[in-house]
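Below sits a lone chain in structure tokens, taken as the form predicted on its own.
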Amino acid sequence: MVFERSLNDLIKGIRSHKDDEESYINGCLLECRKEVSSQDAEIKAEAALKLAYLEMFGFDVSWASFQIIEVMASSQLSQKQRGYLAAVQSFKPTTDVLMLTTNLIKKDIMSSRVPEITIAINGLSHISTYGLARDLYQDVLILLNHSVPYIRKRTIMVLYRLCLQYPDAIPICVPKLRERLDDTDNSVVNASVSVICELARRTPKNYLEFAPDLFHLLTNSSNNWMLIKLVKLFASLTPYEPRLVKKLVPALTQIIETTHAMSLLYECINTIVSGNMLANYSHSDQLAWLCTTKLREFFLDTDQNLKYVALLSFYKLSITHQQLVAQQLDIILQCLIDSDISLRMRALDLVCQIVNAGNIVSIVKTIMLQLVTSSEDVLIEESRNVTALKLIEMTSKSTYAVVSDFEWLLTVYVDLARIPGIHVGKVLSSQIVDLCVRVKALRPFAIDLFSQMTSDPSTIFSEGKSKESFSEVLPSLLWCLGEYAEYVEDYIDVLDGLVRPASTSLPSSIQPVLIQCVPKLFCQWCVNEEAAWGPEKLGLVKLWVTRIQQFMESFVQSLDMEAQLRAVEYSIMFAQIQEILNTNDYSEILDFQQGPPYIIKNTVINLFFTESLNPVASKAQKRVLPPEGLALDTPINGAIEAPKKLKNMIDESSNIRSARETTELSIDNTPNMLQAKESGPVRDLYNPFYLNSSPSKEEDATAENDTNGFNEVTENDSLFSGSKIMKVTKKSRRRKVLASPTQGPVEIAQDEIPEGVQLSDEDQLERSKIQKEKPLISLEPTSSTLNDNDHRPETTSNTPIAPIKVKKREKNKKKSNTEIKGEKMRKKRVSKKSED
């Protein structure tokens, strides 16, 4: 494939190879790799230009960084320009050869040709790093005195980039920038103001000394762009120097009155409002009126952005001059029904701020109209929920301080609940209950409204989108009907609307409240009908008792636990009432015909209406002082102490455990199964939580013999696990071996057998067994026999012996058992010889 050496041919080739574009570009990269290494400077420059173009497709050309620097060093301006363009496009802060550009850029900056200087400055602004900024900023500062204004302007702009990369250069560069504020060229001054404003955004306090020069430019300049920069800069300086307000307000007022630029007008008004200048100015009302008048002109423009920023300024201005902003309600309400959702949200925030008793009706009416008209738009459902919540927040502001007609407000809440697609039922439910509890005069109207709603089956058992929203409000309506049942006018219609078979299909959140509401209405109806009581009323009451009892039984199998519990309780209660009313006693029947039964008039009604429910402030409990002598931190029954017996058992257990740990540390850590099995019963004997079985008689006898014949182990002795008593018996002979760690090496006495005396076969066999058995007593001295400075000898035994305290044998025994045996044997032999 022959590749033409021009960028135009490369672009045409890429466009003509849409099917295999990637393979074509890969071939072009191979051609560029060859061309960039060519000795021809023009071919190399063209290759660098093509690589810059291919880099925009996402291909890595970092391998050609050194060749690009060679093109940048070309003496021809067109080649140098292409080299800098490729460097700007491909160089990154991590490029290895970037340090080689330092002297190259410094040479180009000091060139006598303006195009080379501008190319170098432009390239430096893109590829500058910490090292380049540190090495070149002083050379760039020299260009601030260049005779060409264009060079000075470009130099000022690149200094901002260098100051960001190398912050230590700011103290040196800023005074030079301040000198350029008096430059004869407006573009240079504009560039200086822009750079100073950008630097002052980070640390405004450091630029207060620039205020006189900047104020001079503010009052004498006609460049709107520079004035906007200056106004923003003064807005950031006034918090650190309040005295600037007196100087700035007249200048800003003059600009507001004379300028026709909307952007400059908004920045001046925003600076006055956001900078808190209205609070510290003597003629603040006049200035605020001027600002609102100018902001109103923003709504006459077709640009939606101007309306948006005007609403933002109105919101900030309403904090200090609410009544002044409220006079612009007509244009604000137009934004509430605008098609732009961002405008509606900003207008909604604003009306929540300026709402009062005089304009709340018009504001709520506009919001409700907007919610109803947009009910079919699914895409803005979230915004409609936010709007509904804002409406509730607005009407309940400062505990309904802006509301004078609570009947109207309750109607608004009920209508809001009926609008489909709005999920604010829980908030509305709590607000309806709060209204009825707080405002006693509202209760008759509320109960009448709720009675009409519950009497209509389409309201309770509604279908469609409105069912979900209204089902969250229905519990509050039923609660109010039951709690304030004395205001109900037609109890039969209300009960008939509630006690329906379809009520079992209501959501589980409604069923418990419904079950609680029905008995309250029934009892209040019976009490209210006492004056007109008669046989007909008694028969009607019996019918309703039976119907309510059946209604309660239908909820006994409800999946909701609370509904099931209440249904069972009231089903039993109405069953008892039914049993009482169906009595056969003639005297009781006559009493029932004279008035309501006692169980209804006195017993059941006291369950619900004994005390009135009054509203309580959320912070009321904190105002109640605790009685004197009340110590909430003191236990009611005093300190609980454990029994002494239990304490002793716990202390013994802890002492034994500590002793066991000390013993385990003193012996070898090598595990031994035999040792664990033998020490287990002994450890359990000292365990207060271990119940061992009673020893047998044989074990008791053996223990007594061992105690009488041998050494005793006291309670304070250490636990032993490896020592064992080895018994060798033959008829009445017994041999016991014990280890005494406190006596040093233990010597085992051998049987003294006289010369010429032969043992029997049984004695020899027994003796050989004893010798073959492994001794259980260590013949090495224990740690107790060593001095403090001695080292403990290493033992090779895998079953170390725990130290025990043993009493010494009685020394008054003259002969051992072996000696007695030897004497008996001699006597027998002597007697045999004498007989022979």
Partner chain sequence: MGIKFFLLVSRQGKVRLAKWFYAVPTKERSKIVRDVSSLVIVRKPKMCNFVEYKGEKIVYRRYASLFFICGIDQDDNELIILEVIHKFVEVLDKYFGNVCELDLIFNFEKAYYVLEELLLAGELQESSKTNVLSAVLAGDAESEVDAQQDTIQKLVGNVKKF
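The term rigid core refers to the most C-alpha atoms you can superpose between the two forms while keeping them within 1.5 Å. Residue numbers count along the first chain shown, from 1. These figures come from a predicted structure and were not determined experimentally.
FYI, the form predicted in complex with its partner chain isn't displayed, but the following is about it.
Have a look at 159-167, 488-496, 356-364, 382-390 and name the one stretch with heavy atoms inside 4.5 Å of its partner chain in the predicted complex. The contacting stretch here is 159-167.
Non-hydrogen atom contact Pro626 with its partner chain in the predicted complex at 4.5 angstroms: No, Pro626 is distant from the partner.
Does at least one non-hydrogen atom of Leu77 fall within 4.5 angstroms of its partner chain in the predicted complex? Heavy-atom contact with its partner chain at 4.5 Å: present for Leu77.
Looking in the predicted complex, any heavy atom of Val88 within 4.5 Å of its partner chain? Yes, Val88 lies within 4.5 Å of its partner chain in the predicted complex.
Using 4.5 Å between non-hydrogen atoms, is Ser318 touching its partner chain in the predicted complex? Output for Ser318 is no: heavy atoms all beyond 4.5 Å of its partner chain.
Among the candidates Trp533, Phe445, Tyr150, Tyr400, the residue which, in the predicted complex, approaches its partner chain to within 4.5 Å (heavy atoms): Result of the distance check: Tyr150.
Please tell me which of Gln452, Asn528, Ser653, Ser342 lies within 4.5 Å of its partner chain in the predicted complex, judged by heavy atoms. Of Gln452, Asn528, Ser653, Ser342, the residue with a heavy atom within 4.5 Å of its partner chain in the predicted complex is Ser342.
Scan 178-206 and note down the residues that get a heavy atom within 4.5 Å of its partner chain in the predicted complex; none is a fine answer too. Contacts from 178-206: Ser187, Asn190, Ser194, Glu198, Arg201, Arg202.
Would Tyr150 count as moving between the shown form and the other one, using a Cα shift of 2 angstroms or more after superposing the core as the test? True for Tyr150: a C-alpha shift of 2 Å or more.
Note yes or no: does the Cα of Lys520 move by 2 Å or more between the shown form and the other one after the core is superposed? No, its C-alpha moves less than 2 Å.
Rigid core fitted, then: does Asp185 show a CA shift of 2 angstroms or greater between the shown form and the other one? It does, since the Asp185 C-alpha is displaced 2 Å or more between the shown form and the other one after the core fit.
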